Ligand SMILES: C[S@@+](CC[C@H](N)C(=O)[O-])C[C@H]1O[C@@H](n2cnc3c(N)ncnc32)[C@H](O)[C@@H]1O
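Below you'll find only one chain, the form predicted on its own, shown as structure tokens.
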Amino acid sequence: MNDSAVAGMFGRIVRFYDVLNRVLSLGFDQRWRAVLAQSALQAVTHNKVVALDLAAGTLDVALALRRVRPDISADMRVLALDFCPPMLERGRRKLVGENAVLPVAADAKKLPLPDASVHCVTMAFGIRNITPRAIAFDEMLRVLKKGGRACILEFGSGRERIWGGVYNVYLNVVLPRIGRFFSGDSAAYDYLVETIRAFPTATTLEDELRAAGFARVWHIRLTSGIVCLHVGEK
């Protein structure tokens, strides 16, 4: 599926996106995003932080970044970029009283930012939708300041058995049916399952980050490996 088709797909399901995230993840998704935000900001020790959230969607990660470090939040700005404007418009409803999150429609493969301009980069459940991934990794590295982190939250590979295969049955059978029932869009949730099935293992993704030039790379399995947090430092 090309970029415009993926953007159109997300535009079609935007009304159901947040609700289905909660339902399909059994409520874990907010916790996963908080862990992502904490990891991205863990190495930050100064004020006037500029954070970049890619595939920002309805801005849950951007808002998590604003919440997890009260010691620096007063001087923090979060650039929230997504290539699907309807998702960002939906997220703007959450920004009442919040003026430090700046939603921008942009492509993660061609970031409208100068070199070494952000302290951290986050992306939740978006790297599966980008091809080739290497271009996005190059852009993340380019805009990061030295010592900054790129933190990517993504589903584990659907080719690995989790919980004795129970999760795999959920992924392949239950999840698309629930998605179709609520959204009425069978193509969107079939696409979701297909991209999780095809996604590489955590160690393969580590190799891709190293190849892009990240100096230190590691991953952390969350909820038995249903999702993985991938970290690369510049």
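The numbering used is simple: start at 1 and walk along the sequence shown. Only a predicted model underlies this, so the values are computations on that prediction, with no experimental measurement involved.
Missing here is the form predicted together with the named molecule; even so, the following discussion is about that form.
Check all three, Asn21, Arg33 and Asp107, heavy atom within 4.5 Å of the named molecule in the predicted bound form: Checked in the predicted bound form: all three residues contact the named molecule.
So in the predicted bound form, is the named molecule close enough to Ile162 to count as touching (4.5 Å, heavy atoms)? Residue-level check for Ile162: no, no contact with the named molecule.
Is Ile130 a contact residue for the named molecule in the predicted bound form, using a 4.5 Å heavy atom cut-off? Ile130 belongs to the contact set for the named molecule.
Phe16 near the named molecule in the predicted bound form, any heavy atom under 4.5 Å? No, Phe16 sits far enough from the named molecule in the predicted bound form that none of its heavy atoms falls within 4.5 Å.
Given that the partner is absent here, does Ala55 sit within 4.5 Å of the named molecule in the predicted bound form, heavy atoms only? Although the named molecule is absent here, Ala55 would touch it in the predicted bound form, with heavy atoms inside 4.5 Å.
Which one, 112 to 120, 67 to 75, 138 to 146, 80 to 88, holds residues whose non-hydrogen atoms are within 4.5 Å of the named molecule in the predicted bound form? It is the stretch 80 to 88.
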